[in-house]
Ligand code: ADP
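Shown next as structure tokens: one chain only, the form predicted alone.
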């Protein structure tokens, strides 16, 4: 079965659950033989965009580069799962236009919940002034206005979030209905 390529873009604050949900979606898709790639913001910054800082210009360039790779993979029939804070609405929209087959997933959790999940200690360091320009603290996060999926990770469990993503991909014609039925 030839699959249709799509970029599934998980955006949200640090600690909202982007990586967790994208990894669970990847597991479900791989179990059904789907061809996919995961582009995680932290991993991309260590490799593809090493050397970029956290100014607005550098963040935008980071997202453009991820978007470029996503576009190449998507047009070749790969499902691309991107997990990146991508705080600015305008650059996310630019990437959407470039990629075309694009599904935005807003991984939404209140700031206080994300701070409570802060396994890396980044929020604490930002609150102490050790990290400047930290998204949600002293740099803005612009939530999507019309995401295809919204996962409220403070109100739903992982399986519910995964089901929302898979059902949306199916409804938009990226997955067969059999795949979604198996996962639900």
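Residue numbers count along the first chain shown, from 1. These figures come from a predicted structure and were not determined experimentally.
We do not show the form predicted in complex with adenosine-5'-diphosphate, though everything after this point is about it.
Comment: adenosine-5'-diphosphate is not present in this chain, but in the model of the complex one of 45, 120, 65, 30 has a heavy atom within 4.5 Å of it, namely 120. Look at 149 to 157, 136 to 144, 31 to 39, 52 to 60: in the model of the complex, residues with non-hydrogen atoms within 4.5 angstroms of adenosine-5'-diphosphate sit in 149 to 157. Taking the partner from elsewhere, residue 25 is found to have every heavy atom lying beyond 4.5 Å of adenosine-5'-diphosphate in the model of the complex.
At least one heavy atom of residue 16 is located within 4.5 Å of adenosine-5'-diphosphate in the model of the complex. Although the partner is absent here, residue 169 is not a contact residue: none of its heavy atoms lies within 4.5 angstroms of adenosine-5'-diphosphate in the model of the complex. Residue contact check for residue 165: none of its heavy atoms lie within 4.5 Å of adenosine-5'-diphosphate in the model of the complex.
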